[in-house]
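Heads up, the chain below is alone and in the form predicted alone; it's given as structure tokens.
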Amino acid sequence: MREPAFNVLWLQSGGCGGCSMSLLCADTSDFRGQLRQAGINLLWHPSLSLETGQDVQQLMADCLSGKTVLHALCLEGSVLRGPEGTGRFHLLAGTQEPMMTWVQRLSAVAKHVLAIGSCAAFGGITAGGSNPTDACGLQYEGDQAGGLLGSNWRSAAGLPVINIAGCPTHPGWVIETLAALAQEQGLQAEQLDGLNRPRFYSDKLVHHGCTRNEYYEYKASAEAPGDLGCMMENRGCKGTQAHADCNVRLWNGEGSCIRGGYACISCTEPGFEEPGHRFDQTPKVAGIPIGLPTDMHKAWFVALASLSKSATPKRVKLNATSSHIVVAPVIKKTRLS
């Protein structure tokens, strides 16, 4: 095992801490060991480290002075700029200085800066509603580039803020991104998508690997909570629009929102927190869902949906509106004679 050489500093600001909780669900019984194996040295994390007070301030001072090389600054939670741009809604304990000021200083010396979760990336839940704290993401406000650091900001490595979006973000996305950055070849700009999310997970849709895909194909839809059918048509599911590999890279090795019976609310996308409707309802116009698959023409969807529904097997139709399998697949003879 090689010695960890990639220093990571993790800070928390305007958020619930859920991304840290998610991180602890990484698929390993030895979290620290997994980091060491990837060459990652976790300098400090507010929930996982023993150092407090003066020790932490000294650690950050060493990063700012260059005594300690800061390879990656991770921010969890949004940046609180209020009131009136002072940032004093969130002071770093013991310093009387706004957290946003520390983030700006440390971002200036970090080789890479990562937004952990949709709050740090786009503002997320914290920036919802009237946003009294003037919360924003590190380099985005919703889907608009800007945020705390500005749209043109680039790290010492030449990359924008790497947005590991999700509410919470998947531990595998965080570990895999840090591990990639810790390698000599690092992570290249072309390996980030249009919202600066690592493409290894954002080039997939939540729809991919969904266990309800047979119901989707026949447009056999769930009508009530607990039904087995596709949740796109009536239950608000946005799995065909959400960029993430949740149903391929399962959570805790076995689950996802959809597999747990909940519709995908598209938490990896900016603005997911205020969809303008209940999360468990699908807005429609003339009976047609507004949120169609991102790369499918509306006319084609309507035509295919109509054809699919007319061809839906009785088994699929009955099971779709049931909480359990009521009709099993027919066993067919495989011999010709």
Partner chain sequence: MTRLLVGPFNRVEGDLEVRLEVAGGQVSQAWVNATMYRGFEQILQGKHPLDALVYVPRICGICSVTQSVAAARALAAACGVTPPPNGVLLTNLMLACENAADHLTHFYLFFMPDFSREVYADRAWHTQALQRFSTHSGEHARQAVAARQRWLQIMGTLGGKWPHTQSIVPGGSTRGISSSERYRLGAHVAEMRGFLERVLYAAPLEEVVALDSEAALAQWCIREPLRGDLRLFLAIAQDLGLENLGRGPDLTLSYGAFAQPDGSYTMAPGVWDGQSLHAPNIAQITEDARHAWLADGGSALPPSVGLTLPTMDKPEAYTWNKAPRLAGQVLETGALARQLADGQPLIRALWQRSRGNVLTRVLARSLELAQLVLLTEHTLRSIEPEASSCVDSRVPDHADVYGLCEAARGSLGHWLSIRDGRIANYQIIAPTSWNFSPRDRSGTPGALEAALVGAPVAEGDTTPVAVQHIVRSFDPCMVCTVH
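All values derive from a computational prediction rather than experimental measurement. Numbering follows the first chain given and starts at 1.
From this point on, the text means the form predicted in complex with its partner chain, which you will not see here.
The candidate spot formed by Leu91, Tyr262 and Glu274 lies fully in contact with its partner chain in the predicted complex, as each residue has a heavy atom within 4.5 Å of it. Shown alone here, Val316 lies farther than 4.5 Å from its partner chain in the predicted complex, counting heavy atoms only. Proximity of Thr133 to its partner chain in the predicted complex falls within the 4.5 Å heavy atom cutoff. Its partner chain in the predicted complex is approached by Ala224, whose closest heavy atom lies within 4.5 angstroms of it. Interface membership of Gly17, defined by any non-hydrogen atom within 4.5 Å of its partner chain in the predicted complex, is confirmed. Of the candidate stretches 177 to 185, 138 to 146, 123 to 131, 154 to 162, only 123 to 131 contains residues with a heavy atom within 4.5 Å of its partner chain in the predicted complex. Between the options Lys284, Arg278, His297, Lys309, the residue in contact with its partner chain in the predicted complex by a heavy atom within 4.5 angstroms is Arg278. The partner is absent here, but in the predicted complex a heavy atom of Gly253, alone among Gly85, Gly194, Gly253, Gly150, sits within 4.5 Å of its partner chain. Although its partner chain is not shown here, in the predicted complex the stretch 25 to 39 places heavy atoms of Cys25, Ala26, Asp27, Thr28, Ser29, Asp30, Phe31, Arg32, Arg36 within 4.5 Å of it, in sequence order.
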